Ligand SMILES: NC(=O)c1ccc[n+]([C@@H]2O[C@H](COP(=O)([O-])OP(=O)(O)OC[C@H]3O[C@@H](n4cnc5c(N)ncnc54)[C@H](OP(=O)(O)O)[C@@H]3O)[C@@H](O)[C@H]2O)c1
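The chain that follows stands alone, in the form predicted on its own, written as structure tokens.
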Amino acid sequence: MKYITFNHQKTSNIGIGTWHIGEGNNKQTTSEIEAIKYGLDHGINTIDTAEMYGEGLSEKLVGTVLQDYHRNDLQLISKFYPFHATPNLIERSLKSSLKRLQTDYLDLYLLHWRGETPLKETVYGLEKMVQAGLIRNWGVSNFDLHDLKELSDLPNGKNCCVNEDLYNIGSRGVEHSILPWQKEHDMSFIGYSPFGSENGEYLKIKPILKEMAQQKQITVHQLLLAWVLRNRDLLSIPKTASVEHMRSNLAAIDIDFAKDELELLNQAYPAPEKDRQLDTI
């Protein structure tokens, strides 16, 4: 396992994503629980969930798993809907999430995406939750550079510790200005969906990926995850619903690229030369 400094603490460079986790039958749920436990038992110490995922079902499953582990050893992240972004609704959503997760606090609580509530109100509500001891830190998700700058200029806006955006080899827009800006402002970055969306909308698998994976004797999914992790400076959140997939993700951590391999991938999936609209799923 490799670790990075994330949210000012030592964190595994991959976390456990939980989108659609906990929504299936008993057999599927058992497989998902086994996968999460396998990851935690092999060095992963971060779980990413949200009240949106299965309308709380994912949080419930994670809460069940957490009972077998020391809470302080893990970093738990959840997110709230933008229509719950007023101070009163933030508190209500947070307490509901904590109940489902069977924990007294979150390490990070994120605004899932920007809505109509003024950011000033949302920041005020999140700061109240920090003061109440219900969250240690807070952040945002699906924010572009304009949003981040606006947030930073607000009272206590600089207390935002994390921004979570879509990031994979087919969605590299964050590389142009968002990643450099966050690094300059000491704000951690989470990249979600390293394998793209489920319908492949944001990541077309080109022949070079299959050819290189075959040459390196790895799977295409392992290559995609290893590419996201190549600079050892961010947290990636791959969804994992089976022990087999979790083993595959863990093995990807140790995969390296030669300079010429990265050049070939850059030719097939060019880095952005200017800011563009943020990809979101």
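From 1 onward, residues are counted along the sequence shown. Keep in mind it's a predicted model, so treat the numbers as computed, not measured.
Below, we refer to the form predicted in complex with this ligand, which is not included among the displayed structures.
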Fill in the blank from the handout: Contact with this ligand in the model of the complex, heavy atom within 4.5 Å, among 37, 245, 230, 216 goes to 245
Practice task
Consider residue 19 of the chain shown here, and say whether it contacts this ligand in the model of the complex, taking contact as heavy atoms within 4.5 Å.
Solution key: yes
Problem - Non-hydrogen atom contact residue 164 with this ligand in the model of the complex at 4.5 angstroms - result: yes
Exercise for the section: Find out whether any non-hydrogen atom of residue 192 is located within 4.5 angstroms of this ligand in the model of the complex, and reply yes or no. Expected result: yes
Handout entry: this ligand contact at residue 125 in the model of the complex, heavy atom, 4.5 Å
Key = no
Handout entry: Complete contact of 7, 86 and 114 with this ligand in the model of the complex (any heavy atom, 4.5 Å)
Key = no
Problem - Location of this ligand contact in the model of the complex, chosen stretch of 117-125, 181-189, 141-149, 100-108 [non-hydrogen atom, 4.5 Å] - result: 141-149
Practice task
Check each residue of 219-241 against this ligand in the model of the complex and list those with a heavy atom within 4.5 Å, in sequence order.
Solution key: 221, 237, 238, 239, 240, 241
